[in-house]
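For reference, the chain that follows is the form predicted on its own, supplied as structure tokens.
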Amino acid sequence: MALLSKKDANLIKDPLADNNPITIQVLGICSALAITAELKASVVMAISVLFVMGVGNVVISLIRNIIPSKIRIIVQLVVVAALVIIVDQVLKAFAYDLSKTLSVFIGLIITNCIIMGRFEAFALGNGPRRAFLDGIGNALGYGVILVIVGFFRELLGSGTLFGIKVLGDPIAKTGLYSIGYENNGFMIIPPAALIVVGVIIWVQRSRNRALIEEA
């Protein structure tokens, strides 16, 4: 007997491909621009959102029948804010330098459209199990794009991955020519993230023509 039904499995698989929160729904772009200059920051942000969305969806699902309709948005904000505070305190305790790098962007998870959208569109109308799968799926879809963007921006912009030199500094220079890799400073500024995301969108739509919107 399969662990997950096809319908449940699609809750995880769809956001990874044909219904990705960033490349298809065009949500969460701000964090993709802001924190993907370093791969480590991208991975930590992805894990943070995974925790907040997975746990948050379950909490909202569990209390969905007792939340007054008029204050449901406030309740959702309180839930996500509490989870973000936990993430922030854990980072400060175990990865203080990284918490300073991410600084305000961890707090801005509270207003992430992906999280609030899944609370409103799915967790409020489904049981805890399906809500958890939906949260994990969408968080993974978001995180995969962040990690891909962070990988290329740090590699090409700084010549490093996780702060470790991969491409290295130029090893010799002769006149106007250099032997080795020259870091591309453009890749570490926010507009480069849009270019990388654009390339991902182009590749995705090239592989699945059904995703191309008709003019």
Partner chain sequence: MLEHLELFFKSIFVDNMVFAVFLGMCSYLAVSKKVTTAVGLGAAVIFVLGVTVPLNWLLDKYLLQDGALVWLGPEYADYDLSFLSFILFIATIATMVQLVEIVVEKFSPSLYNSLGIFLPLIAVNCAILGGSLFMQTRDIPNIGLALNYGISSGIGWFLAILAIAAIREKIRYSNVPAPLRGLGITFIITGLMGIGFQSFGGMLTGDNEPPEETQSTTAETQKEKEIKKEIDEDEKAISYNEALNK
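If you're wondering where the values come from, they're calculated on a predicted model, not measured in any experiment. Residue numbers count along the first chain shown, from 1.
A second form of this protein, the form predicted together with the partner chain, is not displayed here; the remarks below concern that form.
When the partner chain is considered in the predicted complex, only one residue from Val26, Leu167, Ile47, Leu62 comes within 4.5 Å through any heavy atom, namely Val26. Screening Leu155, Val58, Leu33, Ile148 for any heavy atom within 4.5 Å of the partner chain in the predicted complex leaves a single hit, Leu33. The candidate site formed by Ile74, Val84 and Val104 is fully in contact with the partner chain in the predicted complex, as each residue has a non-hydrogen atom within 4.5 angstroms of it.
Looking at Leu11, you'd find every heavy atom of it more than 4.5 angstroms from the partner chain in the predicted complex. The closest heavy atom approach of Leu194 to the partner chain in the predicted complex falls within 4.5 Å. With a 4.5 Å cutoff on heavy atoms, Ile188 counts as touching the partner chain in the predicted complex. Contact check for Lys6: every heavy atom lies farther than 4.5 Å from the partner chain in the predicted complex.
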